[in-house]
Each structure stands twice: as C-alpha cells, then as structure tokens.
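Below you will find one chain, with nothing else, as structure tokens; this is the form predicted on its own, and questions on how it binds or moves follow later.
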C-alpha cells in the first residue's frame, strides 16, 4: 500500500459561473480501520481561497500550519489577502523545498481571483502544478471521481446546481473506494457568501 493511501481521502474542486465548490469525504482511517468520521480535509485560508489536503493526515496538518504561518506573514507585509494564483505558487514552492523528503500530500487549491474568476488547481507531493478550467480531483478515490466528474460536469453552473453536481459526484465515487467515504463536506463559494454543508453518505 502506498503511503498516500494510508489514511484514505477523496477531494474534488469544481468551477461554476463566478463561483466554485470544493468537497471532501470525512473519513480518517488507518488502512482499512476507520478511526474518525468527522475529519477535516478542507481548510479556509481566507474567504476567497480554500485548500484541500489529501494524502497522509499528519503531513496534511503540518503543511496546513506552515501555510497559515506564511499567509499571515504575507498579510502583515502586504496588508491584503493572497490571490489564489499566488497561494498556489506558495504551496508549490513550499512542497518543492522538501522534494528529497516530501510531505505526502496532494493539495487542491480553489479560489476566486480578479473579477470573481474562479481558479482551481492541484499538484503532486513535490509541487508540480496542474491547472484546470473545469474540475480537479485528488485522493484515493480520484479514479472514480474523474469518471463521475467527466459525466456530470457542465460549464457555467449556478451555485445551487454546482452543489448538487459536486455532491453527487463525490458520493457516487466514494462508494467505489473502501478507503474514503463516511459522508461529505462541501463548500460553495460565491463573491458574496460561503455556504458550508455536510452530506450524509453510506456509513460502511
């Protein structure tokens, strides 16, 4: 078993019309044993930038703490919040610094940039960015997430429809992966508000 599959995870970010959604499962396990069913994998950097971390849970928490520290320094120096593109470059640089002993994480970054244009990207454990205009996925359920998203995604969705699509994609995908699941956690972000919802899924 790969170290990336040790705790299990499913992450997905999707763009809509001047909005985006980011969702994760809630399971924290040690291989096939479930330890917790309310584990946080999506973190709010500020109201317009969200970070999802899949992979090894200990590394995800360490990486998040280091990124919060860097972002706070940026806020003090620049007196503004980071744009999502800048934050993605920060994450990439931080991961590449440790390329010979990497954080075993696959981050997903989603945010609203200039003129409320949604930005999403993912990267590997050493910070090689993969930008997308529709959706990005990460975690142990990524193969089934790709299939569900390819089938369900359509451009310029309104926030409510985007929530429905991302939720259906997540729930149907984690049912096909025994290392992730146990409900879902969804954020839908528009220029004016952030909606957070908890999904109930199969509890097995």
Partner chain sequence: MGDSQYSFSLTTFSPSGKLVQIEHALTAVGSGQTSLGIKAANGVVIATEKKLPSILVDEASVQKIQVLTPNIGVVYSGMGPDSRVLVRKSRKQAEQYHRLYKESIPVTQLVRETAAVMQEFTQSGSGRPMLGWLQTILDFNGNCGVRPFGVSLLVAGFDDNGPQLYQVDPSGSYFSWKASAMGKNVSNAKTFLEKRYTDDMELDDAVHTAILTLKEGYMHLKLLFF
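All figures in this text were calculated on a predicted structure; none of them were measured in a lab. Numbering follows the first chain given and starts at 1.
Omitted here: the form predicted together with the partner chain. The next part is about that form.
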Stretch from 115 to 123, 74 to 82, 130 to 138, 98 to 106 whose residues place a heavy atom within 4.5 Å of the partner chain in the model of the complex = 74 to 82
ask   = in the model of the complex, does residue 70 have a heavy atom within 4.5 Å of the partner chain?
value = yes
The partner chain in the model of the complex: contacted by all of 86, 89 and 93, heavy atom 4.5 Å = yes
